[in-house]
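First, one chain by itself in structure tokens, the form predicted on its own.
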């Protein structure tokens, strides 16, 4: 056999091998004879690219290169990775698709480097290095899977388990515990510790967080979260050596409105949910991705349910809205969903007592009464928790009956809904991080929108942004200047006479945040006119930056104004003979005529039912599909997590059925049809998970206001009790405990 045949056969065999096992072979560059004479050029040109399989970053990690000159290349297990300067070795490994075990490291907290679980081997380093605290350097060769790194992790895990109790069968963290997972993946199959394990006394952190401090591994995540994100100095590390433990410096409760987040970030079972204790295992639960409706932020949540009951609520990641935190009210109000619920349609009898009736009878009574009153005497009020579909249906129904007196709770009797920029947060929640000076007018974000407050605090810590506040004395968790309590301070700022005006005028991106509590004032137009004058003077509204914001209070407000729920008459309640309350419990009905007929459509027996003549049971947000717009104008949807209670129905379906009984049938029978109707009124509400910015600014288009501000009336507090703001939270036993023990007296 000739050499040519041998060569061709060898080539054929190599191609077959390459096609069958491509991952085992590397391409080999063939260098011709002339190139051998020019060895330098050949080395430069013929440097082969390593034929490595493409890796996906861990958990969808993304790299942003603000400056292309700052890009460096490191090698993780031989795989080249380009990262920006300043990244740690652990972050480089994540981008390379290698998951490094860790307990103390958290991407949103400062680096502690005290668990030592993330040890890796770095070339030319005499010993393993903690990857979370080591900055990556150009050309660094990182090895994550060597015998040395494995042995180091086994040793660290053995030390961590040395004093850890064998509580897994009775621990609420079981099944979603980082220590369980990592001891299985990286630990040894045996331990050498035979001494008596230490134990630690449990701490009382309040009605929300349960502590079993013997399980604590001193990762200090909770301490860093409380100090850096929540802004309270409640937790700290005490003692040294084996006597080291985490606790409060003095015997006190954890008073932050974000305290429940320590449950999520605790990698072991030391901090768990007190209301959820011993209720269910995580593998028994069905998770449903939904939206929080207790405030106007629209935090992304996951509702975990078992059968017909909501068992717990945990946050979902959304960088633009709530990052990965949620407020305590969002996390723990869920038990209100099963208390004081309205199950069946009811009619108030002649003796004043409610009697259960069928849907047919209840709707027939309402339809009969609504035809007996004049169109201008028909009034509708949408509640705080109403979705866009039901508000659209209610507006269409009352308009068909000849009435245009319909509005949403919290928007006041005469809201200005002409321009979206006049009632949404124009910078966006995420955009607040670009601001360098804040002016808060009549708003206390810590109680009105805890996640917006957390974003402001994050900005203040990162950039030392200044915060000026106009309103009643309030509790902030960041440095601020209290400029005044009433509208006269705004006049001083608009005329440039106030000392804080220099900070505003020198700011590159000033942000003014106006509280929605001002909507209820008689002089609101004059106040907004002065605020717009301030914004114009400090150049807060420009093509590249709109710093004039309104912080809404309720989940329904933005969608209601988008859909045009504006009453025709300011005195519609006083003249009403037929009042339709769709989940509206906080509307002041003192001026309502005694002979008025009141229909209450809602899911809880709250304040609204005391005056009602007919009750129509509706489904809560966790039981229906609905669209909500948050304070920045981003439309999001809820989906059913649990079945409806009793004989309750979706809000829009009730109104659709009532319209047919009343002889004015609405032209939609499905959710898609009603959304098609919404598209003709407010198409932005159909762009789900997208924030559509306002096209025009109010400062340039709002007509001149002639009325004067009422300087004698200082700004009030919009939210008196953070834990009880709507019908669901007022029905919650957990929120009642929080209100009793944590609210400032």
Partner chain sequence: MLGRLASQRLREIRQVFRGLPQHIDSPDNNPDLPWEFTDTNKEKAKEILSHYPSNYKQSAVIPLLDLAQQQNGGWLPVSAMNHVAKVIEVAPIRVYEVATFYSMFNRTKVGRYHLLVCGTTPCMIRGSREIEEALLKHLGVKRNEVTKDGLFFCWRNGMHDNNIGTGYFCVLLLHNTLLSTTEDVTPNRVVEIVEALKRGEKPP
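Owing to the predicted nature of the structure, the values given are computational and were not obtained by experimental measurement. Residue numbers count along the first chain shown, from 1.
There is another form of this protein, the form predicted in complex with its partner chain, and it is not shown here; the text below is about that form.
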Please identify the residue among 249, 283, 278, 193 with any heavy atom within 4.5 Å of its partner chain in the model of the complex. 249
Looking at 181, 492, 245, 73 here, can you tell me which has any non-hydrogen atom within 4.5 angstroms of its partner chain in the model of the complex? 245
Does residue 239 reach its partner chain in the model of the complex, with heavy atoms at most 4.5 Å apart? yes
At the 4.5 Å heavy atom threshold, is residue 234 in contact with its partner chain in the model of the complex? yes
is_contact(residue 343, its partner chain) in the model of the complex, heavy atom dist at most 4.5 Å: no
Answer yes if any heavy atom of residue 223 is within 4.5 Å of a heavy atom of its partner chain in the model of the complex; otherwise answer no. yes
Out of 343-351, 223-231, 94-102, 284-292, where are the residues with a heavy atom within 4.5 Å of its partner chain in the model of the complex? 223-231
